[in-house]
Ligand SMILES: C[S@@+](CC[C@H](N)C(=O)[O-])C[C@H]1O[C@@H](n2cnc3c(N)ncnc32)[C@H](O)[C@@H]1O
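Starting off, we have a lone chain in the form predicted on its own, written out as structure tokens.
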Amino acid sequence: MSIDLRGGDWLDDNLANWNERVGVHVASEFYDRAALRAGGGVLDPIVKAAIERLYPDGLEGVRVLHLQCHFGSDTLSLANLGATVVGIDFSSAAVAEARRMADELGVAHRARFIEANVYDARHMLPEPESFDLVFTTWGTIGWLPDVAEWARIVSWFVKPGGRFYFADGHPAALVFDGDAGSGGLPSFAYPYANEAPDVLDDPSDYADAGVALVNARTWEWTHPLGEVFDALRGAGLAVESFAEHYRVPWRIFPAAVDLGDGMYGWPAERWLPLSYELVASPNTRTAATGS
């Protein structure tokens, strides 16, 4: 299925959906920003631990590009840790709120936000090899039809010696949907590998169970691990580390249980990983040979 990466129904529908979600999310307890306003951050435990591993001396002097940043809470968390950040998101409502929050926190001099489809990022931010860290987390590539192009964009921005950090829902878990009953387990609903999108009409929102979205039609893709790894390798990025986790920072299924730290997991046995993270860096040999 051939899809225009810069326009069409998939982009229009997803954009309308996410523009509507911004107001819902800003008002929700799920996206509580009290810690941000107190000078701290809202990074989930998986991402927070990764940042501490990668930068044990802190983020002062580190330049970060956050792709698909939503309304910038994680971006601004990195700014509060000392980084200079640029966030990119396709939602005008999200970018407006991110800019407003940067002003409120007094970090607008170190936190810039750009409205752009991720596939237009190189045009909107013509700064190749200029970021120490490119950062993308939670609910991102599932909205994108082409991860090979996504990986090339990531690689284009990472400076030599820099890193790419990525965390997202595990594609093995994303084959499931819903709940088999009160306290029951999710059932199979989607193929693990499918080039065609799942076009859904779902008015619900993960941050507020009481909301019914008007712009409910979305286009979503499942990208298997092999596809993601091949995309990164093809873009000249070498994976330094990879880890699977049995928890995620949202209630991925109705049967998922609150683990007490803002994370959710399986109610009993750890049947399948729910998320994964990886760190990648430019492959110097590939860059040198141009192969």
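Quick note: we count residues from 1 along the sequence shown, nothing fancier. This structure is a prediction, so every number in the text was calculated from the model and none was measured.
The same protein also exists as the form predicted together with this ligand; that form is not shown, yet it is the one meant from here on.
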May I ask you to state whether Pro186 is within 4.5 Å of this ligand in the model of the complex, using heavy atom distances?
no
Item to complete: Check whether Gly162 has any heavy atom within 4.5 Å of a heavy atom of this ligand in the model of the complex, and answer yes or no.
Response: no
**Prompt:** If you check in the model of the complex, is Val154 within 4.5 Å of this ligand, heavy atoms only?
**Reply:** no
Does Asn117 reach this ligand in the model of the complex, with heavy atoms at most 4.5 Å apart?
yes
Query raised in the report: Are Leu11, His70 and Asp89 jointly within 4.5 Å of this ligand in the model of the complex, each by at least one heavy atom?
Result: yes
Counting only non-hydrogen atoms, the one stretch of 60-68, 33-41, 257-265, 233-241 within 4.5 angstroms of this ligand in the model of the complex is 60-68
